[in-house]
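The chain below stands alone and is given as structure tokens, in the form predicted on its own.
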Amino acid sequence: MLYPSFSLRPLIALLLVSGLAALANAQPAQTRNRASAERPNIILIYADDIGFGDLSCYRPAGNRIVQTPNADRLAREGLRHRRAHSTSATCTPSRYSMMTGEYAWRQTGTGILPGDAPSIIKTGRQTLPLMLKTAGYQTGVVGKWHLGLGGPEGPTWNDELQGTPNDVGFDYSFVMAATGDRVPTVYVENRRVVNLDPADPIRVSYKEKIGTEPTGKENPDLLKMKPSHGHDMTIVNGVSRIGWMTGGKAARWTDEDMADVFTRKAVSFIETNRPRTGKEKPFFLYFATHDIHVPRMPNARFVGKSGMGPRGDALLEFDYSVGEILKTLDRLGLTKNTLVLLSSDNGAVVDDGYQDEAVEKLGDHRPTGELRGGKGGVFEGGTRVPLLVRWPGRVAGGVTDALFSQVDLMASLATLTRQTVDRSTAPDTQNQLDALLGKDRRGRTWLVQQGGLGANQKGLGITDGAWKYIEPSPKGQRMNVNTNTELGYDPAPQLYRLTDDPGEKTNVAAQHPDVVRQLQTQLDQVRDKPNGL
């Protein structure tokens, strides 16, 4: 059937105009979607003292006694790293390196900090949160800080605080100054101590006893958890701590409620800052749990549930906190466009200062899996930690043995969000985004490991994946007698072939002097040239 040609022209013209208009209208939305896909919400869940073998998803070495279903969900729906490392085997230097992109051993004063230490991150320098804030993120930190507060003289607890997380890139902060076993036992929200009564000012000392409050050493009858070594100073909530404190009674935390308090604040940050339209900012949440650090005082809901005492119960509590974050993402429809990372600040420790039956009820569980050593040491058990990564549709699933260091989070997330890194202050971070997301199964060619020794001291380790070298350390201890942890320091050089000996049982330095020289040279170059090799 034929139609007059003149009747088609208006119709064709109308269709062309309509199609072009539709295409024009659709293009900005597509562009916005692509931009959104490159700027996911980011949540970093940072555990405390959880070892390579503590999560049940890390089998065959993983926990067979205590199940961690929420962490396991992340592993099942994302990527499980088996060769990921914190930069140090202790908390403060690991956190410093991750926040700044600089190995902590380059700077003095970056060892484990007391609770009254001044901020060790200078205001104005580029940090992980400041970089993401520059990229348009709303940034928040909830939980353990342990990077110091206040100016050079330390924190002014009874006034508005300076040198807080808000001064190094976070829009919102709700933190504890150091650790649960250190005073002051209070929360700080943005720049003020929460619930502080001005009529009851806080005083803190790590040098001498202040005030008349009871201590664990003088009043052990008042304790509901007794110390095994140290930790015998001011008593708060029936637990004696490191350091002396007086005042601030209305502001003091209850240990058994801490995980719930932190988790509620983290959930609230997500709810408040979630993008509701394509035009709103994504968010970055650094959720630094206190679990499973001492004192292990889980909520009554978890007490006795693990069969492994307070350490196992605290592990269940940690997994609960992870689950609350995941449920919040599901409820708000944020799961698909949120990159979730879960890791730990260092390897495991069992007896870390309190009589909590952690040793007696350990059973067959090995918190570091097949690895040697643990918290504070330079063996693999000190820095090789869990790392789970989930970003639906963007992260390759399964397991990876790519070599990855937490110091690389800054450069990797900078690449993801199209930012640049200031190499003058962040010399050690590498762009390992593809390794983080599972697209590159090799990762770094080398990484440096710091045990518990202070900055600039000998005793660092370096691995290229196949080999692990620990340089001689004349002053280092081989064993922490308090925690019963092998530290790995020795006056002689140590070399282990990790591909055949992941447990670092056989030192083969004498048989391979060429590898020893090569790795020592490499380590010296890293130490002497802050911008790496």
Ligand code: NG6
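Counting begins at 1, following the sequence as shown. This one's a predicted model, so the numbers in the text were calculated from it and none came from an experiment.
As for the form predicted in complex with the ligand, it is not shown, yet the points below apply to it.
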{"item": "The ligand in the predicted bound form reached by all of S97, D428 and K458, non-hydrogen atom within 4.5 Å", "value": "no"}
{"item": "Answer range among 278-286, 158-166, 83-91, 322-330 for contact with the ligand, defined in the predicted bound form as heavy atoms within 4.5 Å", "value": "83-91"}
{"item": "The single option of D313, D291, D352, D408 touching the ligand in the predicted bound form, heavy atom within 4.5 Å", "value": "D352"}
{"item": "In the predicted bound form, the one of H229, R125, R192, K305 near the ligand [non-hydrogen atom within 4.5 angstroms]", "value": "H229"}
{"item": "is_contact(R182, the ligand) in the predicted bound form, heavy atom dist at most 4.5 Å", "value": "yes"}
{"item": "Partner contact for L362 in the predicted bound form: the ligand, 4.5 angstroms, heavy atom", "value": "no"}
{"item": "Distance check, A414 to the ligand in the predicted bound form, heavy atom within 4.5 Å", "value": "no"}
{"item": "Any non-hydrogen atom of D345 within 4.5 angstroms of the ligand in the predicted bound form", "value": "yes"}
{"item": "Contacts with the ligand in the predicted bound form, stretch 407-440 (heavy atom within 4.5 Å)", "value": "none"}
